[in-house]
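One chain follows as structure tokens, the form predicted alone.
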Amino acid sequence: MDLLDNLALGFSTALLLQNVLYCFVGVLLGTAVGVLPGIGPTATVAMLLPITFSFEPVTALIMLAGIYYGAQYGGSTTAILINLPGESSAAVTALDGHEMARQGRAGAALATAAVGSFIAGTVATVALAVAAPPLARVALRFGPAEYFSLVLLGLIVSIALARGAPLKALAMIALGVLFGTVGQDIYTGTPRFVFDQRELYGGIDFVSVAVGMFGVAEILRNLENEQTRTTVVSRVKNLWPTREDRRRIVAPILRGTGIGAALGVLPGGGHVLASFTSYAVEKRISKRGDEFGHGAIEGVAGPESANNAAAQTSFIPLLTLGLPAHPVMALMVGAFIVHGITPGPNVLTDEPALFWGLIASMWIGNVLLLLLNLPLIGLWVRMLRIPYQILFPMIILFAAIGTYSLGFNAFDVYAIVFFGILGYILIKCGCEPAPLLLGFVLGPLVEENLRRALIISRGDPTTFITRPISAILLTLTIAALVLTVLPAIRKRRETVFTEEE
């Protein structure tokens, strides 16, 4: 009964007119962003984050969440129609989806992706509603030692799931943690790494880092390597799959939903890993294994379901532990903090309307996406004709105006330029910026809980291994670090991310 009462509270919040409107705006923007190759949900959420600061907290978070899972939907459209995934996790969908389009079955592929995404999103939202409260209650028992070990585990696991060499991912996390220490010491107030700049005494602005690293840097990279965008489908017909298609997609959708729901909570690239894992499972167990890569509808149904289920369950560690599973969730942490809310288990008790309203809005968003995705296919394809040289300067302009409007401080705009150039250099060096943002967000949490645990234990470092939960988490951290550097695991990582690219 408690769950039903909480869901009733959530829907009463999510169904307020302004919340439904901004949920619609969020999923519409997210779908559009997913369609456009090279931008992605991280850059979009980063650049639209300043706009939401004047909203009510629940409205802002509903819109930002809609952008994220809307992008997961939108990425499949161009993956199928023009073989250019708009979002990294949609890359595997292009393998069979585009082949179906070339065979004149684009409608069936798009409908399969939409229906699979809706079913997976709905099931994963229910899983989130069921799993989040007990996890939050467990998290309330965590002390500083447990939180330190948990955050450390998250950082190490994100290395394993990052693209490229593990050493580069570790270096990016270390750089992010270093940027996170800029400002005044949390206990003594001593300035650190401020270089006599008054603006740095309060630390580096989160929005400037996010917009620069993911907005400006990605735009510079895409302007350098603009891709040719041509569609093989002038008119999409026969949107509804045949009876045989429907029979073939039921099991892959269910399996993909389960895989995505489980892997979505992992730090790093859980949604990307879920898509490729689902594809590998379907290819291995299918009696039509030779069709994969040549237009197998199971190769669309499974990965798309896994992708969207993972998008929903990635909110579980954010809402229950206050830990981001990937860069978009790190941006959501920033949104929570800006609105004066500390993400974590206390949100469930202190802000129940926000907690359950956000969960309920995900189901509403999935319904809106199902209604939006197929009728507007023609619009999404026409959007691809907008030249990057026109689109991207406009995006940067609005992002700079939004960031400046937060504190009317020109230093924040200069910071965007600095982090944009830094992000572009890192990309050219083969380093992924995502671990840097995770390090920037989680680094202060590591420092705060490390020092707090040592203060409570009077400087005794054994407190981290004498407390059972902390000891288990540290053991898992060491295991994850060892697995990351094992030759077999490294080879598998390289295979997965080479296929993605």
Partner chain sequence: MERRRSFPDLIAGGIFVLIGGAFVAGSLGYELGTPLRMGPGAFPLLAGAIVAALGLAIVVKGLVAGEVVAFGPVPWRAVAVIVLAVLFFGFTVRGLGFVPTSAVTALLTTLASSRVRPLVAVAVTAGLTLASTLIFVVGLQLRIPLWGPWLGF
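This structure is a prediction, so every number in the text was calculated from the model and none was measured. Residue numbers count along the first chain shown, from 1.
Keep in mind the form predicted together with the partner chain is missing from the figure; the text below concerns it.
The closest heavy atom approach of E56 to the partner chain in the predicted complex falls outside 4.5 Å. A residue is said to contact a partner when one of its heavy atoms sits within 4.5 Å of a partner heavy atom; G443 meets this definition for the partner chain in the predicted complex. Taking the partner from elsewhere, R198 is found to have every heavy atom lying beyond 4.5 Å of the partner chain in the predicted complex. Within 4.5 Å of some heavy atom of the partner chain in the predicted complex lies at least one heavy atom of V177.
Distance criterion of 4.5 Å from any heavy atom to the partner chain in the predicted complex singles out I390 from the list V250, I285, V138, I390. Comment: the partner chain is not present in this chain, but in the predicted complex one of V367, L254, A129, L220 has a heavy atom within 4.5 Å of it, namely L220. Within 4.5 Å of the partner chain in the predicted complex, a heavy atom is found for none of L4, F11 and L110.
Stretch 190 to 198 is the contacting one of 119 to 127, 297 to 305, 255 to 263, 190 to 198, since its residues have non-hydrogen atoms within 4.5 Å of the partner chain in the predicted complex. For the stretch 419 to 435, the set of residues having any non-hydrogen atom within 4.5 angstroms of the partner chain in the predicted complex comprises I421, L422, Y424, I425, L426, K428, C429, G430, C431, in sequence order.
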